[in-house]
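In what follows, one protein chain appears twice in different forms, each by itself as structure tokens: structure 1 and structure 2.
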Structure 1
């Protein structure tokens, strides 16, 4: 069972529920952070002190307030923590139910579990903690597990996300092509790029490129 846990959650009611769950497992060494920046600093300091956390439980969406932050979402926190401490177990605990975003967390950030906040969230959280503490198996709340198994005609990949991020930053299509050519990333021809963008627009039901960027931002993909 886990010895030291960090919780990244900005809503107190969910934070209390997670703490109670940890208490049920007799896990008493846990800390809490309402900001992703604070959670990351705690994790980094714990590594420096040679007392690393062995589990991160993180929400994905954090409400913005007066404080300026460097890490604005749980997705970004998870990505940075995975790079910093590759062996830490990670549970994403969120109301997010969009399969594209959840798939990205499992495939790109290699989370160990996804627990959907809702009617069965505490029981699912207990199942997730039990399962991942004793094995390398993954846990997904049943409500989203079925959605993850659905296959469409097209599924986005890392290259699609790169394209969307460049578009979001104001990089033109021609500039993206040149960047891809330099890095030997495909598609790097005008026709192939246009086909890729057309598929993305169809996939997200976007009217144009601006609408596409807006939709993927709202979904937390970029």
Structure 2
């Protein structure tokens, strides 16, 4: 079982629930941080002190407030932590239920478990901790387990995202082309723009551009 745990979570309620869960496991050596930055610093300090954490439980989205932060999301935190301390076990604990993001967490950051916040999340959290503490198995909440089976990704690149963001900000296609030309972004013809949009609409099964922006907004990719 885990000996030293760090929690990154901004909401009081979830912190409370996680603490109680850890108590049930007789884990007493844990700390929590309400900001990703704090969590990261603590993890780094623990390594320096030769008393590293062996489990990170992290939320994905953090509310912005007055404080300036370097790491603004759990995704970033997880990525950095995985890099800093490859052997730490990581549980993502979030309301996020978009397949793309969940899959990316498992593939790119090699998280050990994904627990979906919801009507049965505490139970799931317990299962996840039990499972990953003594094995290298992965845990994922059943409601979103299908995320991992998703096949085939055509990769969406930076330029795609840029286009979508400009569109959602009210920029016309022609204007975007102009912007791309002046900032020297490579494919910048009318045709290229149209082809890209067509691909995106195809990929996201969108009827038209409005629909496309709407979908990608919902998915949180813009």
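Here the rigid core means the biggest group of C-alpha atoms that line up within 1.5 Å when the two forms are laid on top of each other. The structure displayed is predicted, hence computed values, not measured ones. Numbering follows the first chain given and starts at 1.
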Self-check item: Structure number, where the criterion is the form predicted on its own
Solution: 1
Quiz item: Rigid core fitted, then: does residue 161 show a CA shift of 2 angstroms or greater between structure 1 and structure 2?
Solution: yes
Quiz item: 2 Å or more on the CA of residue 185 between structure 1 and structure 2, with the rigid core superposed, yes or no?
Solution: yes
Quiz item: Against the rigid core, is the Cα displacement of residue 14 between structure 1 and structure 2 at least 2 Å?
Solution: no
Quiz item: With both forms put on the same core, how far apart in Å are the CA positions of residue 199 between structure 1 and structure 2?
Solution: 3.4
Exercise. Report, to one decimal in Å, how far the Cα of residue 212 moves between structure 1 and structure 2 once the rigid core is superposed.
Key: 7.0
